[in-house]
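As structure tokens, one chain now follows by itself in the form predicted alone.
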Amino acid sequence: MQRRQLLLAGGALCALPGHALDFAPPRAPAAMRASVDRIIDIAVGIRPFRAQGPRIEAQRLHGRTVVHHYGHGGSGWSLSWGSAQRALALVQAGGAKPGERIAVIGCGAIGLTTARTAQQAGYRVRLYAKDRPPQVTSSAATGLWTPDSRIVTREHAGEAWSAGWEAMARASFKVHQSYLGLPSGPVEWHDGYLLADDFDTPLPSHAGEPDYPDLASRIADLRPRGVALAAGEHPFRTPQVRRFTQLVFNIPAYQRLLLDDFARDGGELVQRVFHRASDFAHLPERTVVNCSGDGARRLLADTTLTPVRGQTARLIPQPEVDYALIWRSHNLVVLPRRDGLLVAAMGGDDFGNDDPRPDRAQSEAAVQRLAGLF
């Protein structure tokens, strides 16, 4: 059951019948037009997983104060703001004063939110990156709020670590709420349906996948409880269905908004490739925040990082489809993003896999399974 945190997160959202204050009358959701000829994009992202959890620590390196901030697994967008606040505290502890210019390496979810957090604290920020959105790997994320997705192994999740994670998750959640209601819809709440042939049947684990802790209960108050639905309350061809409510990130709009805000507040974005950590010595800034994600495996020769492959496909947008789907029994997640219906199908060899090449057959098979629900 530990291998698919995204699927299991959906289960954690749903309590037993009678536990929800759900006053809205049930309505039939619009059918998804799931066919392979509606696929408009397939993207692959590599999640940077660390068994110990994200690396948020400072060191003197090549004449610079380097704050490492990477290794968030599948929780980058979800945990980014609270994590950035911890990285900022290390910048401040290292002696950098507001008004001073600092460097941030990487333009993904962690780099962008770290840069914005530093700007809001009064720092001038120059962001160095090989790529910028939508070419960064964070652009391939699903966009579901899952701050506990592949974030740490059970053996490293003691009480002190878990309490720190909870603080970061709550801080991130609070910032995400400030992005609700904006015209571009960078962050939105959506209802969703968790489907299963049998919720009591455990999911088989994948070879090599570690044992993850149950962290969702620590932040259960941040999300509405779910409700089990009777057969006549949903249109799906599956015996067991639960309805939940969850945050969804419209990632292209979110990235564009962060970049615009960064530039508006005087941020500089420089395209640059770093081949090794010694390249930091050539930067004019005395303080460097390293948000290189999976790139730290090569940049720092960090053997604590494990790549985890993830593939998503987008179907032509359907504005009338405003609900998410998590089909637990078939490894399928569908999100109603503004840039299209996002279909994520998890493979059995994702863990430890850094192959960036799209597998169209995998996505086509997922869309065909989705079509069978309607």
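Quick note: we count residues from 1 along the sequence shown, nothing fancier. Note that the structure is predicted; figures quoted are calculated from it, not measured.
Heads up, the form predicted together with a small molecule isn't pictured, but that's what we're talking about next.
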item	value
Heavy atom within 4.5 Å of the small molecule in the model of the complex - residue from Gly143, Gly226, Gly192, Gly82	Gly143
Residue (of Phe274, Tyr212, Trp165, Phe244) lying close to the small molecule in the model of the complex, criterion heavy atoms within 4.5 Å	Phe274
Non-hydrogen atom contact Glu233 with the small molecule in the model of the complex at 4.5 angstroms	no
is_contact(Ile46, the small molecule) in the model of the complex, heavy atom dist at most 4.5 Å	yes
Non-hydrogen atom contact Thr117 with the small molecule in the model of the complex at 4.5 angstroms	no
Non-hydrogen atom contact Gln311 with the small molecule in the model of the complex at 4.5 angstroms	yes
Segment that reaches the small molecule in the model of the complex - one of 128-136, 257-265, 213-221, 89-97, heavy atoms within 4.5 Å	128-136
Three-residue site Pro54, Leu305 and Pro307 fully in contact with the small molecule in the model of the complex at 4.5 Å by heavy atom	no
